[in-house]
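We begin with a single chain expressed as structure tokens, specifically the form predicted alone.
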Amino acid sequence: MPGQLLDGFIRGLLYVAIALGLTIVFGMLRLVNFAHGAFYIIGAYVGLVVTEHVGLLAGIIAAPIAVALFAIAFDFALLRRFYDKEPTAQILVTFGVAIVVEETLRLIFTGTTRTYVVPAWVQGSLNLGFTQYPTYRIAFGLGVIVLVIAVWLFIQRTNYGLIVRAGVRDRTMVQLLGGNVRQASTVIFALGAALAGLVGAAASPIYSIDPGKGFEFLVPSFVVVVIGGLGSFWGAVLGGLLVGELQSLTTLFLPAASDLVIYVAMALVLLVKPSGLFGESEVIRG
């Protein structure tokens, strides 16, 4: 049971890391981004290729950089034309890009499931007193916690973070006061993509990779965002941990319902509080 709870916590942190990118992009741009799973899987494959030639640490560093550059190109070439469009148009264009990315990766790498080889120092398991637990999973969890703190500090303590929070409320006023909302939008979109790419590379030694893995993690991450509240930073954190634990515990007691339970939880939250647990206030107000 303690090991199952820890599994749920680690999986929840994975959802948190993915959902944070969705949250900050939605909070700033009001963009429903179904290509976010594609960013995850691009990062996973970039990390795989670099890891095989240089090492895991280099792969984890290269993945978010490559994905951020891809996101900037995507934003300039296509996506910024849809910032002010209806959500349906945003969903269609980002979903289309996600399909193209998945099929391109399938052509390059085939559909075979791949795994990373992790360094010797994170192989094996640690004795936590109440259970033995894989060393790499613990390192991954600690890394995500550091990442969450870093993103929060970015939003709260930097000029771009200030523009993000102000731009959500009134983009025109920020521009009149001298804030470059367009540049900030590109930076925020690239940051959200980089977060997905980073977690794609870092999580793949645990969950393995294949071209469809991006969609596999994208859908629960959207559930996390809805449960936590669209645009809410701490809502994404709480929602991710909640979804991870629900899935893990349901797998233990009723495996067939492990996927269903998160949608039931989402429906219950929306019935009680349609705006989600934290609404939009956290990204906007800090």
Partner chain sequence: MKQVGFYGFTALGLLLFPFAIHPIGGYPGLATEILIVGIAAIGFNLLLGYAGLLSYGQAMFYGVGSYMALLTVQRFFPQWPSIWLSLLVAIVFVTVMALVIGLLTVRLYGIYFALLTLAFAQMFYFIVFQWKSLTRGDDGLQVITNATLQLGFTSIDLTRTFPDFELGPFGNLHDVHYWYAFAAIITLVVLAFMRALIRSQFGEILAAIRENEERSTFVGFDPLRYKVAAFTIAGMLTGLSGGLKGLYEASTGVDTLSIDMSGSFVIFAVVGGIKTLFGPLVGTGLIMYLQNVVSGNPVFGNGWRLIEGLIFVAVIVFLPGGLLGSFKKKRAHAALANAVRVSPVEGRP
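Under this definition, the rigid core comprises the largest set of C-alpha atoms superposing within 1.5 Å between the forms. Everything numeric in this text was worked out from a predicted model, so none of it was measured. Residue numbers count along the first chain shown, from 1.
Note that the form predicted in complex with the partner chain isn't included here; everything after this is about it.
None of 206, 187, 78, 122 but one reaches within 4.5 angstroms of the partner chain in the predicted bound form through a heavy atom, and that residue is 78. Though the partner chain is absent from this view, in the predicted bound form it lies within 4.5 Å of a heavy atom of just one residue from 107, 128, 153, 117, which is 107. Although the partner chain is omitted here, in the predicted bound form all of 82, 92 and 256 have a heavy atom within 4.5 Å of it. Contact annotation: the partner chain lies within 4.5 Å of heavy atoms from the stretch 213 to 221 in the predicted bound form, the single such stretch among 233 to 241, 51 to 59, 65 to 73, 213 to 221. Residue contact check for residue 14: none of its heavy atoms lie within 4.5 Å of the partner chain in the predicted bound form. Using a 4.5 angstroms limit between non-hydrogen atoms, residue 97 touches the partner chain in the predicted bound form.
Contact between residue 46 and the partner chain in the predicted bound form is not found at the 4.5 Å heavy atom cutoff. For the chain shown alone, residue 88 is a contact residue for the partner chain in the predicted bound form, at least one non-hydrogen atom being within 4.5 angstroms. Contacts between 196 to 213 and the partner chain, taken as any heavy atom within 4.5 Å in the predicted bound form, involve no residue at all. Once the cores line up, the CA of residue 269 ends up 2 angstroms or more apart between the shown form and the other one.
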